[in-house]
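The data below hold one chain only, encoded as structure tokens and taken in the form predicted alone.
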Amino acid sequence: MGTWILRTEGDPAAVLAVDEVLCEHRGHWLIREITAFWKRSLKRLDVSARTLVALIEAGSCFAGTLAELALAADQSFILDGQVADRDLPAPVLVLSEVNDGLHPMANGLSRLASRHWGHPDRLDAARSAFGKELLAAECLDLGLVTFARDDIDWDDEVRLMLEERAAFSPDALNGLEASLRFVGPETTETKIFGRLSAWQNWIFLRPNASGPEGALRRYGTGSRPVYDHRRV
């Protein structure tokens, strides 16, 4: 259905400990290779023709390096509070120094800076929260997540969101999401991967657009296009 669900699991403190090593020894050749590999992996995620959804649930580990996944997502849900029948603490999101430019996007900005583009006060507020375990309400206040839901509504809200996405053409949101992911400075990478690939390769050349029953062929005829929802 054109959607990837991003989940993590583990100990946030362990991830933050690794982040400290990455930052302290960033001049070492091995650390450079590790961070460069993770940067490339995240950039591949940024230019994917998929809707990205991060679910910050009980037991999740969106901290530091892994918090980049939540910042890269088009939508991010965080559980507000604990789940009644599970002995797990309320999920948190933890930012660290690595979220402030160690893994830049194609536009040359960090994902945190891209999320708060045009709002330097919000970016400063997010930076002041580095190292803190941010609960759902704090994440919402800092603009780090899309929605926060308690355990009563969690399953239904996630299901409805996924069903709404599946109701669109598989290509419907790709161009919009690609444009929203790459705000700020336009670079050669964003022109090629964020604009050209999105519209020319993902959308206009796909059967859902240019096929015999695609949207472009049916445009102006009064007939509804026919989409292959299995094709993305």
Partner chain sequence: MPEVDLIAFESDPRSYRHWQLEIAAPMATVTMAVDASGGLRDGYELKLNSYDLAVDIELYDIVQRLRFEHPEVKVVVVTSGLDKVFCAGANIQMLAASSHDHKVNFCKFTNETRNAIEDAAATSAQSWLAAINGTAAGGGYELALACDEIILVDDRSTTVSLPEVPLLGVLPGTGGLTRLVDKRHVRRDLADVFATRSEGVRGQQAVDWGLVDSIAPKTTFADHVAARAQSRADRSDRPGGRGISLERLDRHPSSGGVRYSTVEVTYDRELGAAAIVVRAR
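Just so it is clear, the model here is predicted, and its values are computed rather than measured. Numbering follows the first chain given and starts at 1. Here the rigid core means the biggest group of C-alpha atoms that line up within 1.5 Å when the two forms are laid on top of each other.
Just so you know, the form predicted in complex with the partner chain exists too; it's not on screen, but the next bit is about it.
K.L.:
Is F182 close enough to touch the partner chain in the predicted bound form, meaning at least one heavy atom pair within 4.5 Å?
P.N.:
No, F182 is distant from the partner.
K.L.:
Decide whether V47 counts as a contact residue for the partner chain in the predicted bound form under a heavy atom distance cut-off of 4.5 Å.
P.N.:
Within the cut-off, so yes.
K.L.:
How about A17 - does it come within 4.5 Å of the partner chain in the predicted bound form, if we only consider non-hydrogen atoms?
P.N.:
The answer is no: A17 has no heavy atom within 4.5 Å of the partner chain.
K.L.:
Using a 4.5 angstroms cut-off on non-hydrogen atoms, would R86 count as touching the partner chain in the predicted bound form?
P.N.:
R86: no, not in contact with the partner chain in the predicted bound form.
K.L.:
Each of L162, E189 and A209 within 4.5 Å of the partner chain in the predicted bound form, by any heavy atom, yes or no?
P.N.:
Yes, because L162, E189 and A209 each have a heavy atom that approaches the partner chain to within 4.5 Å in the predicted bound form.
K.L.:
Output the sequence-ordered list of residues from 36-74 with at least one heavy atom within 4.5 Å of the partner chain in the predicted bound form.
P.N.:
Heavy-atom contacts to the partner chain in the predicted bound form: A36, F37, K39, R40, R44, V47, S48, A49, C61, L66, L69.
K.L.:
Examine D11 after superposing the rigid core and state whether its CA is displaced by 2 Å or more between this form and the one not shown.
P.N.:
D11: C-alpha displaced by less than 2 Å between this form and the one not shown.
K.L.:
Kindly check if the Cα atom of R224 is displaced 2 angstroms or more between this form and the one not shown relative to the superposed rigid core.
P.N.:
Passes the 2 Å threshold, so yes.
K.L.:
Would the C-alpha of K43 be classed as shifted by 2 Å or more between this form and the one not shown after rigid-core alignment?
P.N.:
After core superposition, the C-alpha of K43 moves less than 2 Å between this form and the one not shown.
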